[in-house]
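One chain comes next, on its own, written out as structure tokens in the form predicted alone.
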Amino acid sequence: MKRRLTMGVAAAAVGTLLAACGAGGPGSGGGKISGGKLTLGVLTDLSGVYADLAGNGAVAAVQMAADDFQKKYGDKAVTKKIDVIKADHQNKPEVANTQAREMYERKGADALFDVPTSSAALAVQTVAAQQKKLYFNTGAATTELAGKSCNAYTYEWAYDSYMLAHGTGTQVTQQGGKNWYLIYPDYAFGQDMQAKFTPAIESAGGRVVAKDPTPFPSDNYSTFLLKAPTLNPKPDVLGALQAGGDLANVVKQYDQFKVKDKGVQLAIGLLFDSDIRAIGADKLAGTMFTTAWFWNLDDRSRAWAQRFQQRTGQLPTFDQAADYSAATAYLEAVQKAGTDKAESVSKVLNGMTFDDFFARNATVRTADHRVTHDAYLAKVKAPAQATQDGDYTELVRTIPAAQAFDKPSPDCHLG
């Protein structure tokens, strides 16, 4: 039976839902909460190039989910105590491995969330399977997480490189950007982005005339930016597949070296509101990009974003919104299962359909634990178009869930 959960800002009528599914409330899953409490771990970048798009904002989002869950259920909650803990993986897979083990084993984390940086996410995914604990990825884009590296304990909640490539790569090529020069960070995320953008561009009638890996992280992209207009054939588009602080450096130096004036347009693979804020909307105005969500999409999104801003002093990125969505879904599944045993919680999640402020028309695919949902082709507003601070994004079109994500990989065997 498929289960439908609605996780908006206002609480849904969960009692009706649970009755429709044939069970509900604490203890209905025949288990219990280990240690008498739930511990949600946020493993993120607290100090590096992805700290603004994830970081302490991700921690705040998960804490909001815990607070809202407790307020909603009160004495009927499966547990009265939910702790939220955090750690910094420093964008290093070996550190992520160590921190994940520490959080699962010594700090008692029942589930981990966030984890930007694909190499770090792949390390955490392995630890989750070894520990038989759940991990909800919202920050990493590599398709390997739901492909050859998939496992029964990992869920892909927000986005991936296929979604980004088949939105932006296809659209920009169809609009006339036929020849591309791709630069990508030389680690799992960038390698996967390059591998997905290339066929998306080619299938739309374009070609990649050159591609170069770049150091990660880096503050100097002059070699690649100066190279772009000298290539033969000359590219129409520079595809910058960096993210976070690295992307900000690319764009600032693209402007500094006047690459646009030399006939090479800029396309961006992954863009967060925090990036636009750091770079400046004036420098990015008109830039097309694909996103999983943006805060001023509609009234539901704005309502949650305003609550987040009241708590943190800043508007949320889609990574942070996804953390709230994933943490809420996890807590609701624990409530339904009556236990924090990972296998029992997964039985509730697998095949679930839902529609919350973040993920529209969403389904948790049983085959690979990829959450499919609507995505959005968008462009950066010129500052004069903004209605308030942080109003950066204009919707171009909605990409339906069935088109936004690839079909399940034949390399995924959940076991």
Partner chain sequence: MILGLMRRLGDRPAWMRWGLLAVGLAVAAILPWVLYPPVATDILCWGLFAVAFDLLLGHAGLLSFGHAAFWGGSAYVTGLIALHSGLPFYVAVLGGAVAAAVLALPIGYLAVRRSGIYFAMITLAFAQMVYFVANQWSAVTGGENGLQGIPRNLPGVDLSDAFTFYYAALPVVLLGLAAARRIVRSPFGRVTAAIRDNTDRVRALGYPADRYKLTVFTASAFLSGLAGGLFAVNHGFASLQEVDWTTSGKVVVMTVLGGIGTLWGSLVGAAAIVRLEDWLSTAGFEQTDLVTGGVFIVVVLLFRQGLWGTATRLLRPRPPAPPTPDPAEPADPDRTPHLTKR
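Everything numeric in this text was worked out from a predicted model, so none of it was measured. Positions refer to the first chain, counted from 1.
FYI, the form predicted together with its partner chain isn't displayed, but the following is about it.
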Practice item. Indicate whether its partner chain has at least one heavy atom within 4.5 Å of a heavy atom of residue 202 in the model of the complex. Key: no
Review point. Does the 4.5 Å heavy atom contact test between residue 236 and its partner chain in the model of the complex come out positive?
Key: no
Review point. Even though its partner chain is not shown here, does residue 71 get within 4.5 Å of it in the model of the complex, heavy atoms only?
Key: no
**Study point:** Distance check, residue 155 to its partner chain in the model of the complex, heavy atom within 4.5 Å
**Key:** no
Point to revise | Answer option from 122, 129, 85, 288, heavy atom within 4.5 Å of its partner chain in the model of the complex | key: 122
Check your understanding: From the list 338, 177, 93, 147, which entry has a heavy atom within 4.5 Å of its partner chain in the model of the complex?
Key -> 93
Check your understanding: Would its partner chain be touched by all three of 317, 391 and 406 in the model of the complex, meaning a heavy atom each within 4.5 Å?
Key -> no
Review point. Of these, 73 to 81, 113 to 121, 322 to 330, 162 to 170, which stretch puts a heavy atom within 4.5 angstroms of its partner chain in the model of the complex?
Key: 113 to 121
Review point. Which of the residues spanning 44 to 65 lie within 4.5 Å of its partner chain in the model of the complex, based on heavy atoms?
Key: 46, 47
